[in-house]
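One chain is shown next in structure tokens, namely the form predicted on its own.
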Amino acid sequence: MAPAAPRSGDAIFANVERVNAELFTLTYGAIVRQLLTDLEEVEEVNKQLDQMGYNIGIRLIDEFLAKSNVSRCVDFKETAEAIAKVGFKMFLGVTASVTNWDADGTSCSLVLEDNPLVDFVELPDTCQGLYYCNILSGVVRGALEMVSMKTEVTWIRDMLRGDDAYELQVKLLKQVPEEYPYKDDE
């Protein structure tokens, strides 16, 4: 028996994910360009992208927890692995490696070999100092804050600046104990 030919709808929907990724990439590029036009200062654009990412991260964590089936992480190392292997895959379609741990286990790097945000991007000389993907640092920071981890997230390497990879350094500043709003009445 010959395999069934794909239905025309199947062929169309097979490309939907790629089209959505390209649309997202182009839309993000338009946002960055508009911020550069409106704010004029590259440092202000970096701050705005980080803040936008933070706002996204504090909302994205709910979807991540609901859809990823990741159980509660025991420590910061497990959390970093979940972000790198599950979070980036879920929302960007790529995975990151976790490297460069400090002795305390409170600082590491998330290294991306591939970054879909930078497809079709070349930074002009006028954009020296721009962290084009700064939205990602904000997303990571915002999401971690929602699971009681106060962090500092900074770019160490950026392929748009000639580096060989994209590297985000994530430092755990403080683990905030969870507070429950209600006392148990016994």
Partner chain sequence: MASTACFIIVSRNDIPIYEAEVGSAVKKEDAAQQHQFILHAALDVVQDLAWTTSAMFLKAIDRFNDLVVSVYVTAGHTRLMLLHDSRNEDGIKSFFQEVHELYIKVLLNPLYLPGSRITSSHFDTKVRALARKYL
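Numbering follows the first chain given and starts at 1. All values reported here derive from a predicted model rather than from experimental measurement.
The form predicted together with its partner chain is left out here; the points below concern that form.
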Exercise for review: May I ask you to check whether Arg33 falls inside a 4.5 Å heavy atom distance of its partner chain in the predicted complex?
Suggested key: yes
Practice item. With heavy atoms only and a cut-off of 4.5 Å, decide whether Pro124 touches its partner chain in the predicted complex. Key: yes
Check your understanding: So in the predicted complex, does any heavy atom of Tyr132 sit within 4.5 Å of its partner chain?
Key -> yes
Exercise for review: Tell me, yes or no, whether Leu26 is in contact with its partner chain in the predicted complex, where a contact means a heavy atom of each within 4.5 Å.
Suggested key: yes
Check your understanding: Of these, 33-41, 142-150, 66-74, 50-58, which stretch puts a heavy atom within 4.5 angstroms of its partner chain in the predicted complex?
Key -> 33-41
Point to revise | Residues in 87-110 close to its partner chain in the predicted complex, defined by a heavy atom within 4.5 Å, in order | key: none
